[in-house]
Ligand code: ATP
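Take a look at this single chain in structure tokens; it is the form predicted alone.
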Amino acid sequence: MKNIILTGDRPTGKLHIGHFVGSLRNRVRIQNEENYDDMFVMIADAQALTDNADNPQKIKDNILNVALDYLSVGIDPKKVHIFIQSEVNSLTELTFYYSNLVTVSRLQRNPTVKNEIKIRGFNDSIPVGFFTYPISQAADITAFKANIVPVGEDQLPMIEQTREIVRSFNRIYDNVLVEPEAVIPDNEACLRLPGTDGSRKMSKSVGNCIYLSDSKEVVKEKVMGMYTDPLHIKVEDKGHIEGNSVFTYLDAFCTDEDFQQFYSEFKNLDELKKAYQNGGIGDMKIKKFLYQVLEKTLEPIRERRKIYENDIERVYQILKEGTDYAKKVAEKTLMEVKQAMQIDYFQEDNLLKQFYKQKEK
């Protein structure tokens, strides 16, 4: 079986370092290993509209921002097809057919959907498009017959729902669709990076993010203002690691080499944690180290972004070529789906053939 990869993001704003450690870094690694036959990265603008229908300009404004983020972290358009979801019409049709294979009660049980509905405060005013989000995502994945889907941990229930739809379709019609497997970061700190304010999740709407495109000055300001340990008031006080955002970020980003370069008093993060817990290290010193570690990652990303920002027509062409390719692949899958469902009426005069076949009986 071919290894086909699909992943993507909603263009509701610029991407942040939570996206980077949660999936972007993984995508670049997979891309560079080249152990796959095809790889697609989707800008999920249609899905973003499910809870932003009253503000389409927000989505439109961020299409190129997300594309720039992809290219700046190292997504290579020579190896990967970056495409815009709403331009691939086959995805909408597949979503419609799959909706007959999923019950309302099953959608209501989806943990990701339940959590997102709660976060957005929809209550009884849930947009149908948002409610059926998992079906749309299944269409995205299966249209390209992707069997590998790099995602954050919170997306695991969505992948499982896709697998259920694939099994139902193949059982009822024909063995056309491919069951995907999720790939998540193996570093626990990367599964869900907390906000700089110490809240459970980094969120654009809350404003507790460090964006990939933030300047050095902005990154420094955000790091120096991060939530640490409220009980660690004096330098000599014993510090706590649990729930301390600065150490969670260090878990996600720093390496032993970073200590050699920026903090030679310690060999690794374990040593630093023990020293902090014993007392005698101030929070500002830890934050300064974190800032240096983050800048080591963010500076080359920033530089690549500048190159692409100065050639935005090239970015536009990359999106167009990726989308044109995605259209062809998805259309082929759609035709196979319709054939399996026997609704390809004008393909090879199938409607007429069926009529004469019945007449002969």
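Bear in mind that the values here come from a model prediction, so they are computed numbers and not experimental data. All residue numbers are counted from 1 along the displayed sequence.
Quick note: we don't show the form predicted together with the named molecule, though the next part is all about it.
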Next item on the list: Name the single residue among Asp197, Asp154, Asp214, Glu160 that comes within 4.5 Å of the named molecule in the predicted bound form, judging by heavy atoms.
Entry: Asp154
Note to self: Does any part of Leu191 reach within 4.5 Å of the named molecule in the predicted bound form? Heavy atoms only, please.
What the structure shows: yes
Next item on the list: Answer yes if any heavy atom of Ser203 is within 4.5 Å of a heavy atom of the named molecule in the predicted bound form; otherwise answer no.
Entry: yes
Checklist line | Proximity of Asp9 to the named molecule in the predicted bound form, heavy atoms at 4.5 Å | finding: yes
Check: Though only this chain appears here, would Arg25 touch the named molecule in the predicted bound form if you measure heavy atom gaps against 4.5 Å?
Finding: no
Notebook entry, point to check: Looking at 271 to 279, 203 to 211, 92 to 100, 227 to 235, which lies within 4.5 angstroms of the named molecule in the predicted bound form, counting heavy atoms?
Noted result: 203 to 211
